[in-house]
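A lone chain, given as structure tokens: the form predicted on its own.
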Amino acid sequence: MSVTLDSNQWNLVYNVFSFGLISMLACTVYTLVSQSRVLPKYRNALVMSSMVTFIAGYHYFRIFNSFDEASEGMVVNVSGEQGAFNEAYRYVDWLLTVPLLLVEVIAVLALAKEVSKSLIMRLVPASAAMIALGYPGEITSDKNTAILYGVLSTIPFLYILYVLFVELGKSLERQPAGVAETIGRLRLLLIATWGVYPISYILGMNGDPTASSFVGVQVGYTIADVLAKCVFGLTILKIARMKSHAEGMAADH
């Protein structure tokens, strides 16, 4: 099985993967060197942010190479056999990074230990289930199977939203001025970026991939990854700095 792209489509996918790779690497460096700009109690959140973008950067390196190696001219091998374009790299990446993204939020808020543990014990398994249930639908060529697993993966997604908006919302009243509002925007960013993933998933549900569906899926997933990991991580840094300043750290630090 293969898809035949025109030169513009092939170059678009190639360049989007390159953009995803360098974005992840740049954010990794930036969050690592910004450790001294926040109080020690918030640095774990920045370490997790760096881990997220580093893991994603590694997998974008593998995706980039996989696309190049699976291409013969403008024809991309998507058969799933050895040497074909490997979509599984994305799911391995998400299985590792999505739970970390959610733990970042808990870490930067520095909540009471019991509250943090309760939130993490619910968010991490739910996020892992969401990714694991999505993968069978991603790789199948049967539309009904794809719909089934798409619906199943939506269940833990909705539960994650409930925890973030209802359970986590109860803890925001005790945060410094401006932090609750920024967390609110962070949750909206998460919904907006995670909303791109099902759109890309739906684009790939129509049986054997076409050139346009292949390009749409790859571009959509990559843009969503950059927003959900890089922009998300930079917002975590902003929150950590706001909380550090509220707790006495010099504003020009």
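All residue numbers are counted from 1 along the displayed sequence. Predicted, not measured: the structure shown is a model, and the values here were computed from it.
Absent from the display: the form predicted in complex with a further copy of the same chain. The rest refers to it.
The shortest heavy atom separation between residue 81 and a further copy of the same chain in the predicted complex is within 4.5 Å.
In the predicted complex, a further copy of the same chain lies farther than 4.5 Å from every heavy atom of residue 157. At least one heavy atom of residue 51 is located within 4.5 Å of a further copy of the same chain in the predicted complex. In the predicted complex, no heavy atom of residue 149 sits within 4.5 Å of a further copy of the same chain. Exactly one of the stretches 162 to 170, 149 to 157, 126 to 134, 91 to 99 approaches a further copy of the same chain in the predicted complex with heavy atoms within 4.5 Å, and it is 91 to 99. Taking a 4.5 Å heavy atom cutoff to a further copy of the same chain in the predicted complex, the contact residue among 224, 211, 47, 186 is 47.
The partner is absent here, but in the predicted complex a heavy atom of 86, alone among 77, 86, 116, 182, sits within 4.5 Å of a further copy of the same chain.
Contact with a further copy of the same chain in the predicted complex holds for all three of 40, 58 and 62, each having a heavy atom within 4.5 Å.
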